[in-house]
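Take a look at this single chain, the form predicted on its own, given in structure tokens.
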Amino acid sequence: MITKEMKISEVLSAYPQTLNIFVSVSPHFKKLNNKILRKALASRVTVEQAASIANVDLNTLLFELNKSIQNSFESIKSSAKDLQSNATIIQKPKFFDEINPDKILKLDVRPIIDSGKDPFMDIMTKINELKDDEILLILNSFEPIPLYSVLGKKGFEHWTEKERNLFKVYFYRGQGKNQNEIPKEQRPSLQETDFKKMIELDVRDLVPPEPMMKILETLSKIDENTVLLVHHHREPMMLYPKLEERGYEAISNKIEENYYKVIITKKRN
């Protein structure tokens, strides 16, 4: 059965015939015909998020998907009401009315996507260059819902407004602390944790995509009693969603320029 929690990549991998269903219910899903975008985007988006992005009814989408694999829709408990109740309406921050327009940096990702490329690295580059008093404005033809979670973990809040077919998403530093950066005085030393084994991996001399490949290959050796310590030349932003998919989490600490220590552990229930 296909459920709202499944990633699009999982659905397409298990049931390749559902690609035609996605494309038929909304023009937004035509991007899945592009192999590069399908590989990059489908692994980050759940069926529920996809329905919201494309502004299609979740029940309708689940019905069509399950019908294509000959599953009964009667047993699906998700409903449009559930989707609506989970939505969070974020009001426009008051300080937006006073901010200097020069402090708002704009990134239009539509041309990047239209060219068949994944805009994720362009967004991460802009975010990493953003000063504390600046705001990143992303222009897109659909609401980039998975990005809210990714940047939220880096301490960014967002406000989104829609103008016809254009989504304008403002990312700004929130009051909360970066969830990927634990204050030094609160960081647990590895000796103090209950991990019984540590594996170290130095990928600083490798060229992309070898660092990510090495790390993903090593994950099979990581259980709940083992921690993977990676020495990396930069913060591996592209790695985080892939770890999340596989049930792992990471904390990155910048030691010095071009040197990060990334601690990867298996999620515990």
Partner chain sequence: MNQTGNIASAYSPPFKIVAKYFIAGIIAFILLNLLLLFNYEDIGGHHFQPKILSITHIATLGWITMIIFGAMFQLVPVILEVKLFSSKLAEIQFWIFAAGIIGLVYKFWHFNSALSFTAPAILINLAMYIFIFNIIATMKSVRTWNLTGTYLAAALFYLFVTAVAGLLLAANLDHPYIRINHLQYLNLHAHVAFIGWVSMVVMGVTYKLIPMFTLSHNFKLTLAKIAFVLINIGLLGISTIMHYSETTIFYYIFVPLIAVGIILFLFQVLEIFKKRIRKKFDVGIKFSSFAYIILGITTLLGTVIAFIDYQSIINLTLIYGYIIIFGYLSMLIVGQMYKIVPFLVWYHKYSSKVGFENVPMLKDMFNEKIALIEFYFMMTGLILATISFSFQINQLLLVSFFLMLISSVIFATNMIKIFWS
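Positions refer to the first chain, counted from 1. Because the structure is a prediction, the values reported are computed rather than measured.
What follows is about the form predicted in complex with its partner chain, which we do not show.
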How about S252 - does it come within 4.5 Å of its partner chain in the model of the complex, if we only consider non-hydrogen atoms?
yes
Does at least one non-hydrogen atom of R38 fall within 4.5 angstroms of its partner chain in the model of the complex?
no
With the partner left out of view, is E235 within 4.5 angstroms of its partner chain in the model of the complex by any non-hydrogen atom?
yes
At 4.5 Å between heavy atoms, is L216 in contact with its partner chain in the model of the complex?
yes
Using heavy atoms only and a 4.5 Å cut-off, determine which of V45, V227, L58, V230 is in contact with its partner chain in the model of the complex.
V45
